[in-house]
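First comes one chain, alone, set out as structure tokens in the form predicted on its own.
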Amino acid sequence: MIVVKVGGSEGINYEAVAKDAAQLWKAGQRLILVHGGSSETNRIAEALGHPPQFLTHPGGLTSRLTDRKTLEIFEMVYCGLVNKRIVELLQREGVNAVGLSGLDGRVFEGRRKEAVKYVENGKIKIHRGDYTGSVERVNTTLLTLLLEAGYLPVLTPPAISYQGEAINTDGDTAAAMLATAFKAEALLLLSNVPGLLANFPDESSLIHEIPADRVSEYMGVAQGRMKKKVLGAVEAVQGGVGRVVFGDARTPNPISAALAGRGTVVR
């Protein structure tokens, strides 16, 4: 089993991802796709007069402030536009893909955060009423039924809370939980950079390998969301995933290239 997470930033070559996934699928490789849609969500939110807002947390990570309207825009883009675009591309390649959000069948389930800490003007503050949370359970039974029936699952946030509320959740973390639940051979995190860069944005400074037991040495060079990706990758490896690869989704055959070790490999 291979879990492929495709980011939602500018420059992603979804056609290449779908073509590569289809070739591997037809060759007998079991895989599940997970995707984002952040840049498209930002664009549409601006057009709808509800521009995105982000919170910076005490540890330096950032997250989208998700009120109810933002959540509805998020669902419209992730579950609708982006999900069905990828499903269509796979169908065009002859693969019978099924697009699901984490809400459907409680594929991704977790706890809604009661409050979120963030930093503003050097002070730590508390934000309540956010529709965010983290994935703690994966419905592997439903996904196994689909896989065994010959369907390729294409998954996306949001997740569902234990109380039945839609919650915005980090796609990389959800993919890591999914890969861990299936004890996947590999988790591929594909984005619009070739991997972890020692001197961002200099792509020639690519770090080719990170031993999981030495991850702290590399956290200083991880920029922005890459910090969360690196931490999630280590947790996945420690949870039984064979390896995690940060790969480039802008290139031809991005999945095959990542499987061949092109990118940053966490073992």
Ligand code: ADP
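Just so it is clear, the structure is predicted and the values come from calculations on it, not from any experiment. One-based numbering along the sequence shown.
The discussion below concerns the form predicted together with adenosine-5'-diphosphate (ADP), not included here.
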adenosine-5'-diphosphate (ADP): the contacting residue among Leu65, Leu231, Ala45, Val221 in the predicted bound form [heavy atom, 4.5 Å]: Val221
Position in contact with adenosine-5'-diphosphate (ADP) when the complex is considered in the predicted bound form, options Ile255, Ala18, Val245, Ile12, heavy atoms within 4.5 Å: Ile12
4.5 Å heavy atom contact, Leu197 to adenosine-5'-diphosphate (ADP) in the predicted bound form: yes
Exercise: Thr144 in contact with adenosine-5'-diphosphate (ADP) in the predicted bound form, heavy atom 4.5 Å: no
Met226 within 4.5 Å of adenosine-5'-diphosphate (ADP) in the predicted bound form, heavy atoms: yes
Contact label in the predicted bound form: Ser191 to adenosine-5'-diphosphate (ADP), heavy atom within 4.5 Å: yes
Contact segment among 232-240, 25-33, 197-205, 56-64, judged by heavy atoms lying within 4.5 Å of adenosine-5'-diphosphate (ADP) in the predicted bound form: 197-205
Within 1-38, the residues that have a heavy atom no more than 4.5 Å from adenosine-5'-diphosphate (ADP) in the predicted bound form: Lys5, Gly7, Gly8, Ser9, Ile12, Ser38
